[in-house]
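The data below hold one chain only, encoded as structure tokens and taken in the form predicted alone.
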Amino acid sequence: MKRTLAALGLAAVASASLSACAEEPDASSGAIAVAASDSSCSISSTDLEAGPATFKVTNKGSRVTEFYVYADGDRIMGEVENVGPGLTRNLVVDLTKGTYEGACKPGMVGDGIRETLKVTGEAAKPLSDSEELTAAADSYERYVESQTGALIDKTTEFVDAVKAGNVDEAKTLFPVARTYWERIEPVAEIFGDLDPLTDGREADAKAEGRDFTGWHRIEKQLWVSNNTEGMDTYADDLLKNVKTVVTQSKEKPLTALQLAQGSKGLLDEVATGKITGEEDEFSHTDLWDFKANIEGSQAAIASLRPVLEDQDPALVKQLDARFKALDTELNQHQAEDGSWTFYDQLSKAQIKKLSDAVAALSEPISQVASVVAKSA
């Protein structure tokens, strides 16, 4: 989720509010301290034992940062985003024997400042061997499969409309096809560059010195130029990348711990993109994405529910109440035909209410990964 934070008055305040509310409790004993600055990434221990590892990430710089743990091929094992200056966030990752990289990303762009992590030994009780957590991961995999068929179908329809020059049809299909993508975005994000190539924003592409591609490149052409000229290659690449994500998601499904991190990551997506209006900056169809992210997060929590109810029933009640409150706040902006209010038509007061509801949910959902890690 490579995102550039906007300095947009109320929206920026909303994002900062979420960061503060989402600050997680102190890591358990034995946590690995990560000191992130604008120019360095210091990891207190780079020789780790197999099993769940807690990274306590403190931003000592002046820019918002994030921290990733990568496996070979930049496959993301875990990430924590939107760590504001002076804040500390925890990341719990289940690691097997092998070599990884820890990366701090000042400004949340680029390849990051990296250190090699070496994991040795065998976990006493791998999380993947837990019957309840295996069931949770299997449940979510079925949810992903239920979304990926429609994702390919609707993306194909969108691409066909773009290549046929049918602007009105392409504009109608754009937010619909993206709904299926946004629901399962944690899956896409573990596969290195596939997510930014498919769903990256123009500002991120410029900051990283790469071509602006994917959904938002075509979105810009449709809404700014009101045509599809020159979009055939971008459309073909979009469909190819979406199909690759679907294929790889079947080959490397998320673990329960990645699922727990993903449920939080989807809320971070809302906080750093949708709530600022910079996700779909040309079409202003952000609320379609907003709702899809929330639905994806709910699906992740639903898969983990048996584990959470066993370990922390009070947390489950809190999550239920705050998901309901967010749904209530959001759903008033949906019409009877299923369409959503365009983001630029919302008032600052309405955006503030949505932001507050996201922040309230983010606090309890930030505890889910720790509960999952302790359940093994």
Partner chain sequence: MNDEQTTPTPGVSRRRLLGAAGLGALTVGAAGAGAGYAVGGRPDAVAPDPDALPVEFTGKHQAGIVTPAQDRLYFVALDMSSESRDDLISLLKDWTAAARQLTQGNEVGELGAVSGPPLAPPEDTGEALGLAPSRLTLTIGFGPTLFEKDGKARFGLNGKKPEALVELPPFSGDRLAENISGGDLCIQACANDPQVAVHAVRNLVRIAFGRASVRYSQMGFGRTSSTSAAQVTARNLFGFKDGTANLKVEQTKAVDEHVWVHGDDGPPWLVGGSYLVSRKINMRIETWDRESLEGQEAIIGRTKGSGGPTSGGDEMAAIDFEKKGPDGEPLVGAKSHVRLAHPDFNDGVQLLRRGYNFVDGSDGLGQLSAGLFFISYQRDPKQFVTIQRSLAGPLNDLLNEYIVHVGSGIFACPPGVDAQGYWGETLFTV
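Numbering follows the first chain given and starts at 1. Quantities reported herein were computed from a predicted structural model and do not represent experimental measurements.
Below, we turn to the form predicted in complex with its partner chain, even though it does not appear here.
Undergrad: Does Thr198 make contact with its partner chain in the predicted bound form, using a 4.5 Å heavy atom cut-off?
TA: Result no; Thr198 lies far from its partner chain in the predicted bound form.
Undergrad: For Leu257, is any heavy atom within 4.5 Å of its partner chain in the predicted bound form, or not?
TA: Yes, Leu257 is a contact residue.
Undergrad: Check whether Gln261 has any heavy atom within 4.5 Å of a heavy atom of its partner chain in the predicted bound form, and answer yes or no.
TA: Yes, contact at 4.5 Å.
Undergrad: His333 near its partner chain in the predicted bound form, any heavy atom under 4.5 Å?
TA: Residue-level check for His333: no, no contact with its partner chain.
Undergrad: Residue by residue through 343-367, which ones have a non-hydrogen atom no more than 4.5 angstroms from its partner chain in the predicted bound form?
TA: Heavy-atom contacts to its partner chain in the predicted bound form: Lys352, Asp356, Ala359, Ala360, Glu363, Ser366, Gln367.
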